[in-house]
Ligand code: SAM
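Single chain ahead, written as structure tokens, the form predicted on its own.
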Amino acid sequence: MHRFFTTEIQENTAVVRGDDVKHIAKVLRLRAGDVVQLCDGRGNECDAVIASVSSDAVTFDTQPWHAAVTEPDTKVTLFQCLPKAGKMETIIQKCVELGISAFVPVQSERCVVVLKPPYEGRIERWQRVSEEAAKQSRRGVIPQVNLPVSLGKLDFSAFDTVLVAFENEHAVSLKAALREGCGTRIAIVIGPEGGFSDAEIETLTGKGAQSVSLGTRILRTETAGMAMLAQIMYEVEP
């Protein structure tokens, strides 16, 4: 069943506007009487019947709303150091499918890409990638892509556990860290193509982060976050 997000909701009706209107009418060729799923972006969903389609809006008659079953109880935020080229789009897409809650782009010492303000255009594009992936994977929320921040200014005070993937960590594995218990608010930090410097690891651990090994093989930056997130979800989901 096709899935759309909207915040324009009343008691028994809802309205979808914007680019989704064209997709519904011209691409999917849905008409009055067809049934879709709607999501309010806050973890609630319902089946809805199309009542009318116009050039700028689709109106729905909604069934009772209920909590989306696809949202994990554990909320994971990915702090991703900026990768080259279009890798960020792939990272966002796949991590949304795996259950990420939010993204924070990070500028670190070895990042080849340097983002300079204004950031709005880049963030808007990444947010669209997140939304499309949320629709495809039937998420109950659209994970938020936040503004970039430099590594030295990272604030982990909102998290129960902060895990940093580090290729020179040999004492603590991700598996071991997870089985010690991580709470329900987890941050994972992934370095750029060149990895983290020892000084950056000291900065991160000084902020309360735990460096962990992802195994004997070195993963690319676009792979590491996905692998880490998949292992976390395997461990914490029922």
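Note that the structure is predicted; figures quoted are calculated from it, not measured. We number the residues from 1 along the sequence you see.
Beyond the structure shown, there is the form predicted together with S-adenosylmethionine, which is absent from this document and is the topic of what follows.
Peer 1: Answer with one of M226, L214, I24, V15: the residue that has a non-hydrogen atom within 4.5 Å of S-adenosylmethionine in the predicted bound form.
Peer 2: Of the listed residues, the single hit is L214.
Peer 1: Which of D61, E193, E202, D34 has a heavy atom within 4.5 Å of S-adenosylmethionine in the predicted bound form?
Peer 2: If I apply the 4.5 Å criterion carefully, the residue I get is E193.
Peer 1: In the predicted bound form, is there a heavy atom of S-adenosylmethionine that lies within 4.5 Å of any heavy atom of F166, even though the partner is absent here?
Peer 2: Yes - in the predicted bound form, heavy atoms of F166 and S-adenosylmethionine come within 4.5 Å of each other.
Peer 1: Indicate whether L219 is a 4.5 Å heavy atom neighbour of S-adenosylmethionine in the predicted bound form.
Peer 2: Judged by the heavy-atom cut-off of 4.5 Å, L219 is in contact with S-adenosylmethionine in the predicted bound form.
Peer 1: Counting only heavy atoms and a 4.5 Å cutoff, which of 36-44, 49-57, 66-74, 166-174 contacts S-adenosylmethionine in the predicted bound form?
Peer 2: Stretch with heavy atoms near the partner: 166-174.
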